[in-house]
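One chain comes next, on its own, written as C-alpha cells: the form predicted alone.
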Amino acid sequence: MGKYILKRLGYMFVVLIILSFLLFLIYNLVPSNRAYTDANEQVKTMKHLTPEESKAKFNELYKEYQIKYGTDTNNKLVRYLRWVGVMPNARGDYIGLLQGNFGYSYQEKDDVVNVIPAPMKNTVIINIFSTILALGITIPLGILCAVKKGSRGDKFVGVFTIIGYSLPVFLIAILFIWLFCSKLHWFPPSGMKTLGVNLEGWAYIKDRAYYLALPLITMTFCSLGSMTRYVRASMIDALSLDCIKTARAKGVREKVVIFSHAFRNALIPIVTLVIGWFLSIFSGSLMIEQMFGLNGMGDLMITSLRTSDFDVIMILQVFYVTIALLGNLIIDIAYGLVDPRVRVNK
C-alpha cells in the first residue's frame, strides 16, 4: 500500500506540473500586460512631471515591474519557473508560489492569499452541511427503494427524483425563494448576514444560520435526485447477486443481508460519487451563490473571469487540479478499504 501511494503521488506530481504549465501558457496568451498597466497608473499619479520626465519615469517603472513580475523575458518556460518559484528573477530573488507569493488581485486591491480565505470558508460551510444532509437522506432512501422495488413508495420516489433531477438549479432556487420568502416569510431571499449589525458568539451563529438556511435547503434538494437513483440502482444490482440469494437461503436475517452483504457490494460505485461530493465542497455552486447573493468560490471565479483577474484565476485552477488528483487517489484507496477483492498495492 505504501509503495502504491508513493508511486501515485509521483505520477500526480508530474501531471500537476504538466497541467499547471499548460494553464500558465493559456492565460499568458491573453493580451494583457500587468507591468505596463501598473507603471502607467503610477505615472498618472505624478502630476508634477513634464511629458519628457513622465516618459522617462514610465520606462524606469515599466522595467522594474517587468522584473518584479518575471515578464522581462519572452521565454515562457523561464517565466513559468519564476512563477512557480524554482528560478530567480533578474535580481536573483525567488518570489514564486513556493515562497508564498500567489499574486495580486486587481479587483480586490489585495494579495490573492488574503482574497481567497473568506469565500472559501463560506463555500466549505454551506457545501459540507448540504453534502452531509443529502447523503443522510439519499442513502437510506435509495436502499429502501431498492428493497421495496416496484412498491408505491418506490414509484413515488422515482417520479419525485426524476422531477428534481430534471429541473434546473436556478428554477428550483426561484421556486424556493417564492415559497419560503414571498409566501411563508420564513427566510431572507439573499445575503450572508444582517446588515448594519455587529453580532458575536451565539447571536452571530444564529444570524448566519438564518441567512444560509434557504441556500442549504436548495442545494440539498437539488442533490437528492441523482444520488437516490444511483444508490437504488447499485443496491438492486447487489441484491440480485448469487451470494445474497445464498445468504437468504441459509436463513440470515434480512437486515444483515441488506446492510452487511448487499450494501457492501453496492459501495464501489457509491464511493466514487460520495468522495466526489465531499471534494466538490471547495469548488462552490455558481448558480446558488449568484441567486442568493453569497460570497463563495463560484462567485469569486466568475467575477475574476469577468474582470480578467488572472492571478486569482490561476491559483484557483491549480488548486482545483490538485484537489481532483488527490480525489482520484483517495477513491482508489477507498475501493480497497470497502472491498477486499480490490487490490491497490500494485
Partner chain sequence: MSKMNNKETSSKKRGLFATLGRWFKRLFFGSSRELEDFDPVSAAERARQADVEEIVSPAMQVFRGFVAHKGAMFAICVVIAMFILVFVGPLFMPNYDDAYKETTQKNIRPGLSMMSIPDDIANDIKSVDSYGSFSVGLSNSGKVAVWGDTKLGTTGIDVADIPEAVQNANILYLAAGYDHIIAIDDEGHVYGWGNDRLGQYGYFDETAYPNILSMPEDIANGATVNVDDIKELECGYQASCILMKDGSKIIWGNKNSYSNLDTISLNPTPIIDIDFTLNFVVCIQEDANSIFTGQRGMYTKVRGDLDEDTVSMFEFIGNRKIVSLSAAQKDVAFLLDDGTVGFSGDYSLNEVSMGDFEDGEKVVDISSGHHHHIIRTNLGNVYSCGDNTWGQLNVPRKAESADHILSTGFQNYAVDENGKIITKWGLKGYIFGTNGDGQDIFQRIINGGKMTMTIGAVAVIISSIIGIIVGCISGYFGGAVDIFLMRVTEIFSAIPFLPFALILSAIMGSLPWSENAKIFLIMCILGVLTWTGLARLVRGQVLVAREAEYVTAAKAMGVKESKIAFKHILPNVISVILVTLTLDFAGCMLTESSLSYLGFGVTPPRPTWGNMLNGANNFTIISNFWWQWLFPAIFLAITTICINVVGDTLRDVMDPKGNSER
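Keep in mind the model is a prediction, meaning the values are calculated, not measured. Residue numbers count along the first chain shown, from 1.
There is another form of this protein, the form predicted together with the partner chain, and it is not shown here; the text below is about that form.
This chain lacks the partner; the member of Ile333, Leu9, Leu23, Ile17 within 4.5 angstroms of the partner chain in the predicted bound form by a non-hydrogen atom is Leu23.
With the partner omitted here, the residue from Glu108, Asp207, Asp93, Asp237 that has a non-hydrogen atom within 4.5 angstroms of the partner chain in the predicted bound form is Asp237. Taking the partner from the other structure, the partner chain in the predicted bound form has a heavy atom within 4.5 Å of a heavy atom of Gln317. Within this chain, Arg306 lines the site of the partner chain in the predicted bound form, having a heavy atom no more than 4.5 Å away.
Contact check for Asn75: every heavy atom lies farther than 4.5 Å from the partner chain in the predicted bound form.
Taking non-hydrogen atoms only, Gly251 never approaches the partner chain to within 4.5 angstroms in the predicted bound form. Proximity to the partner chain in the predicted bound form, taken as heavy atoms within 4.5 Å, picks out 176-184 from the listed stretches 140-148, 124-132, 217-225, 176-184. In the predicted bound form, every residue of the candidate spot (Tyr165, Pro189 and Gln290) has a heavy atom lying within 4.5 Å of the partner chain. For the partner-free chain shown, Gln317, Tyr320, Val321, Ala324, Leu325, Asn328 of 316-330 come within 4.5 angstroms of the partner chain in the predicted bound form, judged by any non-hydrogen atom.
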